[in-house]
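Okay, here we've got a single chain as C-alpha cells, the form predicted alone, with questions on binding and movement later.
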C-alpha cells in the first residue's frame, strides 16, 4: 500500500519553555485510498495536526511528507495536493455558490478552460445545481458545509482533510455530509483524513482510526482492533478506557467547591 501521509516525530510546542505540547512526537502513516479518522477529546491536538500537515503552521520538531512532499521544504506543493475543510471555515456569503467556487478555483490556479466544467460537476455531485446562482447567505448550514467541501475539492486534490465536518450540523445535515464523504471515498478515490470527537461519525466512515490525547498518539488501528485491544464492546467504551474518561470525583468537584465557598 502506498503511504500518502507520513509523519516523523512531528511536534508542536507552545510556551516559553515548550511546556504546552499540542502535538508530541507523532509517528503516523495514512495510506492511499483510505479514510482515516483522528479521534480525541477537545484540545487533544487534532486540529494542530491538520494545520501542520497543511503547512498552515510550522512544527517545533520533526517533519512530515504529504503525497511525497516535505512540509518544511515544499509547502506550496503540499497545498496543491490537499484540500481542507477547516473547523471554522470562512465563507463569502454575498457570493453565489457558482461565484464562490469560481473564486476558489482562481486561488488554486485551476485553468480557465477546466474550471467551469469542474464547478458544474461539483455542484451536480453535491446536489446544488438548482441553487447555483443563489447567494450563500440564504443557504442552510448543511448546504454551506457541502459548498465548503466542494471548494476544498476544486483543484482535484488526492487528499482531503475534514476537521470536525459534522460538529455544528443538525442530524439531517450531518447525514448528508456523511453520505458525501462516503461517496468521495468510494467513487472518487480520495484519501480522506477526518478529525472528530464524534465517535459514531468516525466509526461509520473510517477504515482506521488513531486516538490522540494531550498531543500524543495513544492508539491506532481499525475500530474492531481497538475494541479488542481494550476488551470493550463499543468504541465509546474503548475511547473512554484509553483516554481515561472523567472520574466521579471530577464530576462532583463543583459541588464540593460550592459547599466550601458557602
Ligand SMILES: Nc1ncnc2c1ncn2[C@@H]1O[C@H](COP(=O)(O)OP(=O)(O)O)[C@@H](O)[C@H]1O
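All values derive from a computational prediction rather than experimental measurement. Numbering follows the first chain given and starts at 1.
There is another form of the same protein, the form predicted together with the named molecule; it is not shown, and what comes next is about it.
Trainee: Could you check which residue among 221, 43, 200, 33 gets a heavy atom within 4.5 Å of the named molecule in the model of the complex?
Mentor: By the 4.5 Å heavy-atom cutoff, the listed residue in contact is 43.
Trainee: Although the named molecule is absent from this view, report whether residue 47 comes within 4.5 Å of it in the model of the complex, heavy atoms only.
Mentor: Looking in the model of the complex, residue contacts with the named molecule include residue 47, since a heavy atom lies within 4.5 Å.
Trainee: Is there a non-hydrogen atom of residue 20 within 4.5 angstroms of a non-hydrogen atom of the named molecule in the model of the complex?
Mentor: Because a heavy atom of residue 20 falls inside 4.5 Å of the named molecule in the model of the complex, the answer is yes.
Trainee: Determine which one of 203-211, 227-235, 63-71, 47-55 lies within 4.5 Å of the named molecule in the model of the complex, judging by heavy atom distances; exactly one does.
Mentor: Among the listed stretches, the partner-contacting one is 47-55.
Trainee: Within 4.5 Å of the named molecule in the model of the complex, counting any non-hydrogen atom, which residues from 101-120 show up?
Mentor: Residues within 4.5 Å: none in this stretch.
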